[in-house]
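The form predicted on its own is given below as one chain in structure tokens.
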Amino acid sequence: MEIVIIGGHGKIAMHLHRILKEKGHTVKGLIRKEEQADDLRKAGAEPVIADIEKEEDISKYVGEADAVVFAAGAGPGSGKERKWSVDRDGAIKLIEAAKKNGIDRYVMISAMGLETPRGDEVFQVYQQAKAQADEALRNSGLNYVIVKPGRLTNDDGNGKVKLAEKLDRGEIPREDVAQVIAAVLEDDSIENVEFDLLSGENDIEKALLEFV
């Protein structure tokens, strides 16, 4: 498959490039900064320089693909405006690009517990932005999967997870989130669903099979 990842230098994306490349897929990663390009090449992805905040139409950067993944985020330390312009508007621009380019499959990295406001004002804006992006994808007519991990860690993944429509709060390594996304991309039967995701006891394939 050919897969395009928005937010290509993010921590989950950097794991995902490597995993997908090892599985024999072709991967492109959209990034803002030229100096990040070598990192993507080393991980097995083709870098594409594009600032999704400045570009109204990102379809020419996305190009042709079998699936797209939205892995971008304004990140810690960013203000309210960038939560809207990246976390919501960037995701919506990718929806429009996928439609324009005839790409039907869209995987969104979202977050658990968006319906329960918490944290400071900026974090609550982040929750609202992510929730609105998810809703836009649900209503897009595209074949979607929304993956909603708990608190992300940089621990090594172990391939053991639990996933369900709703889970209590918890955490999961970014590497395991990437492994789940790779498994979702390879299974066409997983479509138009969303799930919370945490570390657990089940192998990824078993957890997905039991959920679907």
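The model shown is predicted, which means the values in this text are computed figures rather than measured ones. All residue numbers refer to positions in the sequence shown, first residue = 1.
Omitted from view is the form predicted in complex with a small molecule, to which the following refers.
* If we take heavy atoms and a 4.5 Å cut-off, which stretch out of 161-169, 182-190, 59-67, 29-37 is in contact with the small molecule in the predicted bound form? -> Of the stretches listed, the one contacting the partner is 29-37.
* Asked: Considering Ile95, Ala111, Ile103, Val125, which brings a non-hydrogen atom within 4.5 Å of the small molecule in the predicted bound form?
  -> If I apply the 4.5 Å criterion carefully, the residue I get is Ala111.
* Might Ala178 be said to contact the small molecule in the predicted bound form, defining contact as any heavy atom within 4.5 Å? -> Looking in the predicted bound form, residue contacts with the small molecule do not include Ala178, since no heavy atom lies within 4.5 Å.
* Spell out, yes or no, whether the shortest heavy atom distance between Lys42 and the small molecule in the predicted bound form is within 4.5 Å. => No.
* To do: Indicate whether His9 is a 4.5 Å heavy atom neighbour of the small molecule in the predicted bound form.
  => Yes - in the predicted bound form, heavy atoms of His9 and the small molecule come within 4.5 Å of each other.
* Asked: Hey, in the predicted bound form, is Asp155 touching the small molecule, heavy atoms inside 4.5 Å?
  -> Because no heavy atom of Asp155 falls inside 4.5 Å of the small molecule in the predicted bound form, the answer is no.
* Using heavy atoms and a 4.5 Å cut-off, decide whether Ala50, Arg151 and Arg174 all contact the small molecule in the predicted bound form. => Every listed residue reaches the small molecule in the predicted bound form, so yes.
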